[in-house]
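First, one chain by itself in structure tokens, the form predicted alone.
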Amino acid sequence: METKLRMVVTAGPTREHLDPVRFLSNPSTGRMGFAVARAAAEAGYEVVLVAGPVGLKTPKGVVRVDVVSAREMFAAVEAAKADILVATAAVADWRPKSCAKKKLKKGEMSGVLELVRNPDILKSSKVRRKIGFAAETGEAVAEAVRKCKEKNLEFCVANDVTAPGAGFGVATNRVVFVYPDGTAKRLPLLSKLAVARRIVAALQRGRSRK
């Protein structure tokens, strides 16, 4: 590579606390994002990995920033000043309006779960080159096209998490690369590292055309 570009990769879930022991979250393990970070480092990028609460080892040559909430993740992405953002994290769209300072008792729970929107990290980011993910339970490609247009993405990686071999907590993935013009490139079932290397290769081809 002529220049060493900085890639920021988000990975894993976020947690949005209701009290010190309860939170809203999802089953994301972070494997896909960690694989992208590894593949990007192997390809010569300067990589900053912004990781939600996951128990994975940091890939070699990658700078890791650990966060918990969506707002913390957004702040870390902005602080990293990336050339490229690959947003694989399963960010909680909503958070409790307030977080109690101590554990809420059963009798105190009724009516306390008022939700407010979290920042849309991918849409709000001013990074020039952005790649997103659309993890859906059905029409993943249609949703990926919408995300490409709405969030100004170079391309979006769509996957149906209910498909065999795809989804959370497995070592493989079955994805479709979707572009703003509706073009779709469907990949076979691959390991998450193999998918990550395809993502990095697609980014490099995109750069060569600019």
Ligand code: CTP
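Nothing here was measured: the structure is a model prediction, and the numbers come from that model. Note that residue numbering follows the sequence shown and begins at 1.
This protein has a second form, the form predicted together with the named molecule, left out of what is shown; the following refers to that one.
J.: Check whether D93 has any heavy atom within 4.5 Å of a heavy atom of the named molecule in the predicted bound form, and answer yes or no.
T.: Flag for D93 set to yes.
J.: Does the named molecule come within 4.5 Å of any heavy atom of K147 in the predicted bound form?
T.: Taking the distances in the predicted bound form, the answer for K147 is yes, it comes within 4.5 Å of the named molecule.
J.: Residue-level question: is E143 within 4.5 Å of the named molecule in the predicted bound form, judged on heavy atoms?
T.: The answer is yes: E143 has a heavy atom within 4.5 Å of the named molecule.
J.: Consider E136 of the chain shown here, and say whether it contacts the named molecule in the predicted bound form, taking contact as heavy atoms within 4.5 Å.
T.: Yes.
J.: Select from the listed residues D83, E72, E78, D120 the one whose heavy atoms reach within 4.5 Å of the named molecule in the predicted bound form.
T.: Contact with the named molecule in the predicted bound form is made by D120 alone.
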